[in-house]
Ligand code: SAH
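Just the one chain here, the form predicted on its own, laid out as structure tokens.
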């Protein structure tokens, strides 16, 4: 993030706009919505700017800006449509230590102005680091369509009630109170009975919320999917956005965690095969401690919690402490990896069964029915198999598997840094060294060779070819 978004208090602050044409007018339309004291420096201001001056909305000074003028300002817009004139203005602002923007010149500016959705006092700013104004305008239009026009009025009513509402218990009860007012009962009351009706509803909701019995804590054992936030289920998104505490494993992507509330307590309980890790007992204690305070806890696991997620141990611990829990499934890595390869994990006349296995367990290298796995046409999704690749290939070859059996390694499935390594059983231990993980091994399948999909994989630089 190059430009950090902030909301600057412009009440009674001086803002200078240097320029009197259409570029200046576009910025003034926005600035005149603020409480700033706007001053325009232009020897030939447009009639529209003069009309704003006549209405007392701004002041026009018919000369070039000087150092003393800028020193008293909070920020400056260089908007003259003359590159040399704008460069001079920017230099004066730089010397005075005042923030400046050269309109339509990202590199010459100290700040940029985002696209804005205005529901005063609710303001939504949309920025693209100056790279895609068309995208910003599109997002603005979509947000405008989905925000009710009366939202600003409701926010003003709520502003006067904030100190009283702060006496409600912190957490989900207070959030539920405001949610009912802003999105359910408040808009209806405002349309029917105006500001007085909405204020009356707010008082009524306050009383009702205060009389509610405190909710018991609850734990959601939830799948984060393979990493792409778009693959998170709708239910998971909703729960994550309302959680008080999020306890996540090491493999949950940053993009998924960004969907949690800013106020939520976020705890990483890293677990790494053959390495340092949180003890499962400590994770259980952490869940129970937070849920016992009435918190809504999300135990967030990469992929699907029912697949190699030590789910039973956590459910047993929660049951023993009489803590309510719910499982929220997610898309497992095997499904995401197969989608990335453009293949099906089951195929008529090839395999009527799919084995989902782990490369290692708490005892070390995991043993399996190697003879069945080694049969021609067998397909298996192997989790946590990178560090045991040599062991896996040796066992399978020893039990009769063909050396040229395809094995696909999919690292960071579904994520922007996804990498696919196409190999064979004979070369698996070597191919696995090229992957830093996390990765899943798909035994018995290889990337789809249909021209369109193969081109897509190769052109995105995600395909490394081992021995085929």
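Positions refer to the first chain, counted from 1. Since the structure is predicted, the reported quantities are computational estimates derived from the model, not experimental observations.
Here the subject shifts to the form predicted in complex with ligand SAH, a form of this protein not shown in this document.
*Exactly one stretch in 144-152, 370-378, 321-329, 298-306 has heavy atoms within 4.5 Å of ligand SAH in the model of the complex; which is it?*
Going by heavy atoms within 4.5 Å, the stretch is 298-306.
*Check each of 415, 27, 399, 50 and return the one that places a heavy atom within 4.5 angstroms of ligand SAH in the model of the complex.*
Contact residue from the list: 415.
_Heavy atom within 4.5 Å of ligand SAH in the model of the complex - the one residue of 383, 177, 100, 220 that qualifies_ = Of 383, 177, 100, 220, the residue with a heavy atom within 4.5 Å of ligand SAH in the model of the complex is 383.
_Is residue 45 part of the interface with ligand SAH in the model of the complex - any heavy atom within 4.5 Å?_
Although ligand SAH is absent here, residue 45 would stay clear of it in the model of the complex, with no heavy atoms inside 4.5 Å.
*Verify the contact flag for residue 251: yes if a non-hydrogen atom of it lies within 4.5 Å of a non-hydrogen atom of ligand SAH in the model of the complex, no if not.*
Within the cut-off, so yes.
*Is there any non-hydrogen atom of residue 333 lying within 4.5 Å of ligand SAH in the model of the complex?*
It does: once ligand SAH is placed as it appears in the model of the complex, residue 333 has a heavy atom within 4.5 Å of it.
*Give a yes/no on whether residue 442 approaches ligand SAH to within 4.5 Å in the model of the complex, heavy atoms considered.*
It does not: once ligand SAH is placed as it appears in the model of the complex, residue 442 has no heavy atom within 4.5 Å of it.
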